[in-house]
Each structure stands twice: as C-alpha cells, then as structure tokens.
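Included below are structure tokens for two forms of one protein chain, each presented in isolation as structure 1 and structure 2.
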Structure 1
Amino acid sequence: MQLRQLTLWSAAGWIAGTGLALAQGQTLTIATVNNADMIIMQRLSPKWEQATGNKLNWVVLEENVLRQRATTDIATKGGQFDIITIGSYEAPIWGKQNWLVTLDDLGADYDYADIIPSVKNGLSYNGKLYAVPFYAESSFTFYRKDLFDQAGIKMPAKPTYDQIAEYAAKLTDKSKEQYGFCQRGKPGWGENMAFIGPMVNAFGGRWFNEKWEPQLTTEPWKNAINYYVKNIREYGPPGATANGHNENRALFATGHCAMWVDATSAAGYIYNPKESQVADKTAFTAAPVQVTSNGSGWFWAWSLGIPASSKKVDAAKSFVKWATSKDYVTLVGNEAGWVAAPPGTRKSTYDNPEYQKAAPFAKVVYDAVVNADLTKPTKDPVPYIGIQYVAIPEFQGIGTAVGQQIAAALAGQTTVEQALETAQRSTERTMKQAGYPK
C-alpha cells in the first residue's frame, strides 16, 4: 500500500512538475504590418496565449518600415523575431535562401487542400511552402452603380480598358468633383506600379523577356502608359501623383469617384457604412483586360513566416497554424463580424453561407484570386514569377525607379517617351550591376 501511494504521489508530482514547466510558456516576438486584419489578429491572440500558455510580444509597423526592419534582421541573422509577416514577394526569395522554416508539417487538421492553390504556389519555392497565408487579395474594379444607372451604362463582367475610358469620359464632372477614373499615382513598387504592372500585362507587355532584357520601351508599355497618363489627366482627381491606395480609397469612400481599380481587400471597408458614404451604391466587377486577360488582376498575400534563426520554432509553428486555420476564420467572423473575415485564402471561407451573406462581393473576389496565376502573368513567356512585381530582390529598387519616372510623366515634368527611355536605361544599369542574366 505504502509503495503504491508513494508511486502515485511521485507520479502526480512528476506530472505536475512537467505540467508546470510546460505551462511556463515561451515569449515569442512577432512583427507585423498595421493592416486592419493584423490588428484584429493582435486583438484575438490572447485566446491562443491562454490556450498554450505562451506570450506574444507585438511589433507593429508600417509596411515599408517593417520590410526594412525584418529584411535587415533576417539577412544578418540578427535573431530578433520569431514570426514575421511577409508578403508573397519576399516568401519565394527568402525561401530560396533558406532563411525561413518550411511549413509543410503543420498536420492534417490544418487542411492544406483547403488553401486556394494559387495562393499556396505564391508562397512556395521549389514545391516547399515557406509561409502560410494570412490573407490574400487580387484587384478588381469598384464602380458606382447609381452613377452608372443614371448614365444608362451597364458594366460588363470583363470590361476592357478601352471601355473603362469610355465610361470615365461620360461620368466625369470636375465642377462637382466627380472623377471617372481614380487610380494610384503615388510612386512606389507597391503603390502606382501595383496598378500599372497588371495594366501593362493586360496590354500585352512584360517586364523582361526570356533573356532578362528589360522591355520598357516596347509597344505595349508605350500604349499602356500613354493610356494611363491621358486618362488620369482627363478623368482623374488633381494631385494624382500623391494618391496611393489610401488616398484613393478615401476619395471613393467619400463619393468622389465613379470607378476605381484596386485591391479586393478594400471591399469590406467600402461596403461598411461606418467607413464609407457609398456603401449601398457600390458594385464590383473583374479588373479590366485589354489584349489579354493574363495578369490583369494582381496577386498579393500577407503571410506568416518563421525565420530559420528563431529558437522557438515549435511554439511559433503553433501560432501560425492557429492564426491561419479554418477555426480562426470562424473566430473572426463571430467576434468581429463576417465581413472582416480574412479573405482570399481558404475555399471554406467562400463556401460559408454567413460569409456570403455579409460579403456580397465574395464571389468576384474569389474568382479574381483563383485566376491570379503568378506563373503565367503575361501574354508572352517570361523568366520570372509575379504579376505586379517580379520576384527578384532587385525589383524593389527597379519598380520604384520606374514608378518615379511614370509619376514624373503624369505630373507633366517629362513626356511618356522620355520617362520610359529613362526607366529603361536605369533598369538596364541595375540588372547589369546585379549580374543578370544568371
């Protein structure tokens, strides 16, 4: 009897001790962007903390600052972060360098098959998944149903850019501050180039040919940029070169725009009467095409990755699994409203009747994301992946420099021809310096 009691007690003690040790928990440092979806994740994360006994240290920064900070740390193996929010641009590049832990082993209950294939491909390199998608977006066309009805125009399911220009002409009234064509003009590889890239693709252009030679002075580029400059000047708001996503969103939400081609992720906010004055007047259709529909809608995903230098990989994996699971989507739906559920990543989200009810734009968004094929972004074959970006490290610099030149053309400081010439030369220089082709 004594021995059994002793055994039982020591067993209990041992279990309690281990339990205590496990319950101690680890502290993970997570760096993220300050998007609304991430803010919601931050707000809901205590649930995971309670369930696992770990704690999270949040570092929330603006996108460009985050990118710089995270890249500096991960490239120098500084080891400051256990979880980083990265985009589909970084994921393949960093995966190639083995800077990230592969995430193919999160378990069957994670349901990898539920993740939209184009999204999964966008975050993989050589078939291995390096980051799990938090939300994904493509681009599509927002338009004012009421203004279209008034003018007697019917928006087709797949408008061409020529048609868009036609409608913009009819719907612009500058004296009433109503602009037909509100588009990004602020220079930056993730700002104006995010819109211009797919537009160039739609016009049949590409960034580089198979020999990695820049193509900025080819016909499709000239046609696309001339179209862009002409239509924004005639039908867009003043000061377009300072307008990025946020500014145009504010313009559309306050009723100044008839059409806006931009991120699908903005749909939830335009549709929310607390954040926009046109919630009940907005409709959606696919991003415009022209000579091809390849790469006409962009692709972007914010995802969670774990640096290889982290010392708390298991705990980190537990968090990223939780934050990108089906259950999490349901959690957001219940706590923050279904219209705020992270879009674009899982089929189950779109099959959910609650989501469909709260987000009438869901089907259009789903189609856009499914059709955004990173590996076939252009009419002619290309050596790179990426629709509105080229997944090479040099692209940040190239994209921004080209964006600057186009903004200069838009502001009237230079002609479109000259801008493209300068952009071409600068890109050639950079590619040569970086050692392409390689």
Structure 2
Amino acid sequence: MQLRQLTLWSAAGWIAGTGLALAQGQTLTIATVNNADMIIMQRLSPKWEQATGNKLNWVVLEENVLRQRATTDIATKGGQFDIITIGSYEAPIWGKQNWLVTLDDLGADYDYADIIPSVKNGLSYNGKLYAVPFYAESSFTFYRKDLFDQAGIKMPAKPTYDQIAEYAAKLTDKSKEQYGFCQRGKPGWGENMAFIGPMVNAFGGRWFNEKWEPQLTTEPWKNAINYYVKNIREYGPPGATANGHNENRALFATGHCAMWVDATSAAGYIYNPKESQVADKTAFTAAPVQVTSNGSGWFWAWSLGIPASSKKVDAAKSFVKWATSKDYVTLVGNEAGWVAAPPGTRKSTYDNPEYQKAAPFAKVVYDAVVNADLTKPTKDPVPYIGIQYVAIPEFQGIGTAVGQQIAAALAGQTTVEQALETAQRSTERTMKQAGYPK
C-alpha cells in the first residue's frame, strides 16, 4: 500500500513539473508494439491513470503493422493516435515534416542531461527533441554457454560470421529441436532487414554508394545473403520466414536456439528467470563481424512521440514524461525486477547498483549504445546516416520490398541472385522517382 501511495504521489509530482494545465477525464489512444518492455508499460500504466484521472486506450500491434498504421495516420494527419511508439528512424524525419510535437518542455525534473547523448541526438532534428526514449538498444550475440561447454567450444569476444556458421553446424540437433542459427526471417524493414542490414555492413556492403546508386547486386550483398539463406536453411528452425524478433526470442527462451543475434534489449527478458527457461544458461558476446566491424551492431531507440494532429497534447505529454522518466525505471525495477528495467536510455540506470547486480549485460549494452556511430555505418563511404536503416523517407518502402525478396529466397521461391536483381531494380526505380541524387 505504501509503495502504491508513493507511486501516485510521484506521478502527480511529475505531472506538476510539466507546468501543464492537465485536463481530467480524457482518454488518450496510444499505439505501441507488442514486445516485452511495452507490455510492462501497459501493465503499469493504471498508476498514471489513477494519479491523473485520465485513461489510455491501448492499440498494441505487431511491429510491421504498427509501423504501417502509425506512418499512415501521421502522414495523413488522421488524428487516430495521441501517442505513438516510433524509433530513431522516424523521429527526425517526421520532426522535419512538422508531424510531431516537440518534447523539450517536460520540466527540469525530467533531467534531460541524464539521457545518453547518442540516444537524444538520434531522436532530434535541428536541435529539437521530437520523441522521448523508452528504451534503446544495439545488437549482440546471445549464446547457450552450457551447449558451448558441452561441445568444447569457446566463444570469442568478437566472433566472425564464419565462426558462427561453424558453431551452428556443431550445435544443431534437429531431433531435439535444437537449432544453431536462429535469426529473423519475417520480411520487413524493421524485421528481417534489422538483422540483415548490419550483417551486410559486416560483409563490407552498403545500401548506396556516394552517388546514391543502389548496391544490392554487389559481391558483399551476394555473399551476405547467400550466407544467411544457407545457414538458416541448414541450422535454423523450420518456417523461419514467419519468425521476427518476438518469435526468435520465444524460441531462444524455451531452449531451442544455441545462438541468436538480436537486440540487446532482449537481454532483460532472456536473463529473467520468470520469463526464460535459459536465464542461467545464457551468455553474450559482440555482434558478429566479417571483413569489417563498421556497422556490425545496430542502433535503435523505441520511443514515444505525440502526433501534431492530437487534440490532447498536454495529457499526452504527461504520460510520455511519466513513462520515460527515471522514476518509471525505478518503478519497473521494484515491480517487475531490475533485470527488466528499460535499458539503454538513461545514465542513472547504469549507475544504479541494483541494476548492475541484476543485469550482467549492463556495461556491454551501455558501451554499445554510447559508442554507436550512425554516421560511419559501413566499410566504404556512404551519403547517408543509419546502421540498419537509411535515414531517408523512402527507406521504409525500399527496406520492406528488399526484405520481401530476401524472404522469398529463404523460402526457396527464388534464388538469392534473382531476389537481389529484383530488389536492385525496384530500389533504382524508387530512388529515381524520388529525385536522387539530391
């Protein structure tokens, strides 16, 4: 009871700190993604509702669907959502279009200086903040230390993709539904391409050369995608084209994967014994490299933004302040366990001894997020920023179209070479129509 009262009082304090004349009894519609951290936010949000007298109408969507719905609504000024979950790709692009409310005015107690600079910069345009970070992530390699020990394999600090394939061959036992190479296969610019983009970077590839000419039929792309298709087919689970982040996380957490390269934010779930059957059997190392380490680990920040079309901006600001504050991190630590605290956004989280004790991955994640360089994502020079995405409005369509071609190759509906030829032609058309180079 005492904790509940403190939570309500704290919520009221955060709200007062915004300086907003907060209306009572409003219902906000929030669109978010169906991953573990956002589900915790949904579960804890009644504390904000009780403190403010407002209500939240949750629209919880699969990642690809969320991106599509949010983009359509904000581009058409549909006004369907008061709060949207977006990332470091959308925030600066949409901010430039004046589609989002600026969020620089949440009060001194919000402590903007506590936000990790690379994260804040990734959500800003022209020095203005257009979304506030709920959690941020890079990528690294989860692996089953018990299976590695049994096989007499030592995971290097910086494995190559060739080494990952070698280990996957040794650790796959399909009779036990144990797979060495669990990776995203579900098509989408933020699904399979979130893994494939950094993998292509590691193989020495890039989306565009300095003249904005697509590079999808170059040797690095061919080498990377042939590697990906071969190893998922031979050492991955069946039906891989249906597996995105959530599906692979479930496979790993239930003991079906020896290795999984994915978001560092998933560590809070994999290391949580309440959620994962392999919490005490998992170790981690860097995302794999190949011919270069540039752009081999991605950068992303799931964040909360407010569409300019919302008619309930003050109440929406109150919620996004609450859900991304230092006090919210503490609330999650107390209620869901410190291992589940939202990672990657605030320096104070990583200074907290309770989080350090609960999260063996803390320093690796912090270093990866702090040092992420979106301006140098590839071995060769490029005209764009972004590691697993290209920060131009056209990339949503391009990335999804390319992801669909690669998924078709993985499913055996076309060859890798044909898939990349088709992807190259469609990307060239899109870029020409958009007027590149600009």
Partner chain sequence: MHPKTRKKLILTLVGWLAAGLIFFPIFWMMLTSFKTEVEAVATPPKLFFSPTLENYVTVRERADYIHFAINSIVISVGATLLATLIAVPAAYAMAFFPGKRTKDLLLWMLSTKMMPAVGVLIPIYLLFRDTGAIDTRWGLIVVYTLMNLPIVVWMLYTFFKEVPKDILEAGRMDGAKPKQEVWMLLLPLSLPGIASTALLSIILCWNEAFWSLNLTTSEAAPLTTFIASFSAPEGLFWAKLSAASTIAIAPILVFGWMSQRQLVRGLTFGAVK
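Rigid core here is just the name for the largest C-alpha set that superposes within 1.5 Å across the two forms. Since the model is a prediction, treat every value here as computed from it, not as a measurement. Counting starts at 1 and follows the sequence of structure 1.
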Looking at both, which one would you say is the form predicted alone? 2
Among E137, A407, I83, W189, the hinge of the rigid-body rotation between structure 1 and structure 2 is at E137
Comparing the forms between structure 1 and structure 2, say how many degrees the smaller rigid part turns relative to the larger part. 19
Look at the Cα of Y328 between structure 1 and structure 2 with the rigid core superposed and state its shift in Å. 5.2
